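So this first bit is one chain, no partners, the form predicted on its own, shown in structure tokens.
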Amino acid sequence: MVIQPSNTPLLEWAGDSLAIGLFEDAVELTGELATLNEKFGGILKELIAEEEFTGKANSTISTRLAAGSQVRKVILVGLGKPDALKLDNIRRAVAAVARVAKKQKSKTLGFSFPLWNNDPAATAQAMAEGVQLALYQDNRFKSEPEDKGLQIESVDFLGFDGQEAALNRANQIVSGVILARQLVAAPANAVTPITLAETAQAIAKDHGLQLEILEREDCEKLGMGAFLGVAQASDLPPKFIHLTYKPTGTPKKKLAIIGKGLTFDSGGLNIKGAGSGIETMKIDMGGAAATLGAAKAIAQLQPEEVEVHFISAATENMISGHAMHPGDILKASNGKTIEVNNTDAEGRLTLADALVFADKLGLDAIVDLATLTGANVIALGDDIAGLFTPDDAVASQLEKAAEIAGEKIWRMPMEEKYFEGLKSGIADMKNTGPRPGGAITAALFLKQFVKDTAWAHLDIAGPVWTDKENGYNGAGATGYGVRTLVNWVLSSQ
């Protein structure tokens, strides 16, 4: 599929489907649209009236034009209220159109959309992201693809001539999102700690990043007892992944992105029981997937003034004669001791040593992402990630980055007194606290492993996966977090 800006006038464009974006309660056809309506024999005005189309966000109506017309079909899509227009409204509206056009077996598709905030570059980028993310299909594990019909071959953005750089930027970011989707969607026998390390190697080779893979022995020398405690039951070796993007000049900012990399989580000896969703635990490396997806995108975008470290302590949480027991005490690489009162709270143990590692790199800020707690899903539902940080500046940066990306986050409290629930009688802390406030106590646990660096934690347990088509995400892995992370890094230049 080729996505391209076009200087072809709206009245002259020819192709299978022409999509026109209209604002809510402002669907009167004026100016060029009135002329287009006349050219099409009044069918646009008639369609709006018959379907009672109001321009509600993401609503679509379409009709076939008369034989011999330069356009085969017209699709009208609602953009919502003009004063409430956000980039994600554009992204979602374009996605809705793309799906309709595909069902209608269109090969060529043209878009006539208004600008967001008088910014053609940002608008074109959002449109390109929406088309590609909506039409992406993962057929890797099927003997034959389900969809054997015609595919959209070319997409024209009318009135966006000169925005090639914006479309290229969208392509680079989408490539990272799709990588994250593929990693999360793949089963645990296809994506292992070894696979994640190989993916990092491919990114480093293709895009010139530095790569360090710490093996078990290397982690032992660094005292990563928390990470290795989780890894000790698996037959597969743990891999501590450290990718680094360095700009050509001297960086003004140095950042780290850390992703939880549990390629399968059985729960350990606190095994996940019936109804626990154990069969979905391939997604427990969604943080690592977003980290590697962001690495792929950033490596292509090449920000000029920021250095970025991409880190994941990758392993499985399995059951064997070597498994850590409930009640075991582990020592993290900063010397803190942890009583394991639940082996199914393993992700925070791997993140603990990853945070200590990053904290020693002399960075300006660290963000970690993890499918960490069911408690966060209970608090915020399936669509919203929890943002935990004691740093207001980092919180503001991430909130702005997520707003542009259309990825929802909500800042949660870091109630220090809740740490009382993590105190242990025989170690520095336990790895879980009481059931109430479980997402908060998980964040407070992680905070113990960051000493000198501004830090934020994103609990992405909800939005990393969707059971049904949602906006520009099809059912399955969403690639959540990649675009927010990329925006955060770019805004830090």
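Residue positions are given as counts along the sequence shown, with the first one as 1. The structure presented is a predicted model; accordingly, all values stated were derived computationally and were not measured.
The following text describes the form predicted together with a small molecule, which does not appear among the structures shown.
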| property | result |
| --- | --- |
| Lys272 within 4.5 Å of the small molecule in the model of the complex, heavy atoms | yes |
| Ser234: touches the small molecule in the model of the complex, heavy atom cutoff 4.5 angstroms | no |
| Val71 within 4.5 Å of the small molecule in the model of the complex, heavy atoms | no |
| Pro390 within 4.5 Å of the small molecule in the model of the complex, heavy atoms | no |
| Contact stretch among 175 to 183, 339 to 347, 410 to 418, 76 to 84 - heavy atom within 4.5 Å of the small molecule in the model of the complex | 339 to 347 |
| The small molecule in the model of the complex: contacted by all of Ala256, Ser333 and Asp368, heavy atom 4.5 Å | no |
| Heavy atom within 4.5 Å of the small molecule in the model of the complex - residue from Ile152, Ala204, Ala401, Met281 | Met281 |
| Selected contact from Leu292, Ala352, Met127, Leu372, since only one has a non-hydrogen atom within 4.5 angstroms of the small molecule in the model of the complex | Leu372 |
